[in-house]
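The data below hold one chain only, encoded as structure tokens and taken in the form predicted on its own.
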Amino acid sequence: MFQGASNFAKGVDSAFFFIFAISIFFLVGLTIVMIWFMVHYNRKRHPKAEQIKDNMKLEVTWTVIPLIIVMLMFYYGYAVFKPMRQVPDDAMVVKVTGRMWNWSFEYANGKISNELVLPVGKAVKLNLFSPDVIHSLYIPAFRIKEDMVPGKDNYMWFIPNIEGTYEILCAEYCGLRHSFMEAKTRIVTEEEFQKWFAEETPIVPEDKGLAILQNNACTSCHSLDGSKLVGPTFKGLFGSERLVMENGVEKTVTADSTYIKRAILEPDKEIVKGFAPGMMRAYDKVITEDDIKAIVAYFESQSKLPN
């Protein structure tokens, strides 16, 4: 018997095939009727047009039958959708943050991961959050999708049925690198999950700044290898000379700790020449002073590495 990768997969597939079958039936049926009318009432057979009188039975039939079919499709879809909003009391809670353009998953013990690791057979509730634009968390194999709207609380829940690794995608166009906004959900045994859950992810001091940049999706817009993305690259940043535009005036600044802090808190104050303003939001309410120090330390350590 078909089980599906999640507890909702079978119901969603059934509703889809039910609606799909009805659509195919009407596509074929209406095409046949249309061809029959074209042949039967062509100009050669009926050179003189005839007035067709009302037919109450026919009009009632083609009104009532589609109404019944549409209500059946609505009922079938709602019957599948309703359980998706009824979260079990014992569901494990994970906070999902979607940013331009990556995903992060925060667990009850404070652990943050860039992949969604879950135990097989256990209900999980994903609290969905977006700090910037509308995203949509979509796990195709599980047949689940929910929008993430800034300022609005939303959630989804499911039970993963089969161990394995599955794709996570963004199903709402969210900007230039929307198609790169992907992650993985890894479904493992309860024993494997508890072992992973208890593991700490150590961050060495020089990597802390990089972790902060990655967790805030900075590396989605700013490359580490010198390639040009939405924003200027981070490669060779610290201590470099930068040509910027401030209030329409071109000037050269040194990328020191003050410049980096200003770029994080007031990104539109000094725009690197060749890049568009308004592409980056201010992080004054997201990144702390200690985080900025760690970021600066990371950039400074990278400037000391051989090219």
Partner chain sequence: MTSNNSALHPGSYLDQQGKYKGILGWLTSTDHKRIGILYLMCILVFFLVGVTLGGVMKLELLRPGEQYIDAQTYNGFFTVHGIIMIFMVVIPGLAAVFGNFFLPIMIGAKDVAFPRLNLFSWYIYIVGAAIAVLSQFGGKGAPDTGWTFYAPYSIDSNTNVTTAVLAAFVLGFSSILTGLNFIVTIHRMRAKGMTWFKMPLFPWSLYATAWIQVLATPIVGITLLMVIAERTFRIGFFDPSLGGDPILYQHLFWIYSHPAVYIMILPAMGVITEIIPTFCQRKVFGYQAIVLSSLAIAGVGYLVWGHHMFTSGMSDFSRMAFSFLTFIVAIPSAIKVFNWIATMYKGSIKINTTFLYSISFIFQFMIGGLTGLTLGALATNVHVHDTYYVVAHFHYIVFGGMGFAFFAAIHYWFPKMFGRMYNEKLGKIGWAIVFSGFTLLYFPMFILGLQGMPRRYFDYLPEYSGGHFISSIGAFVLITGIIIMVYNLFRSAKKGELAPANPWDGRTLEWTIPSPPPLENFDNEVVVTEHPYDYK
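If you're wondering where the values come from, they're calculated on a predicted model, not measured in any experiment. Here, rigid core means the biggest group of C-alpha atoms that superpose within 1.5 Å across both forms. Numbering follows the first chain given and starts at 1.
One more form of this protein should be noted, the form predicted in complex with the partner chain, which is absent from this view; the next part is about it.
Of the candidate stretches 186-194, 136-144, 232-240, 111-119, only 136-144 contains residues with a heavy atom within 4.5 Å of the partner chain in the predicted bound form.
Contact annotation: residue 106 falls outside 4.5 Å of the partner chain in the predicted bound form, judged by heavy atom distances. In the predicted bound form, the partner chain lies farther than 4.5 Å from every heavy atom of residue 256.
Of the heavy atoms in residue 280, some are within 4.5 Å of the partner chain in the predicted bound form. Among heavy atoms of residue 228, none comes within 4.5 Å of the partner chain in the predicted bound form.
For the residues 218, 210, 170, 126, the 4.5 Å heavy atom test against the partner chain in the predicted bound form is passed only by 170. Shown without its partner, the chain has 12, 15, 16, 19, 20, 23, 26, 27, 30, 31, 33 in segment 6-33 as residues with a non-hydrogen atom within 4.5 angstroms of the partner chain in the predicted bound form. Positional change of residue 45 between the shown form and the other one reaches 2 Å or more at the C-alpha, relative to the superposed core. With the core held fixed between the shown form and the other one, residue 60 has its Cα displaced by under 2 Å. With the core held fixed between the shown form and the other one, residue 221 has its Cα displaced by at least 2 Å.
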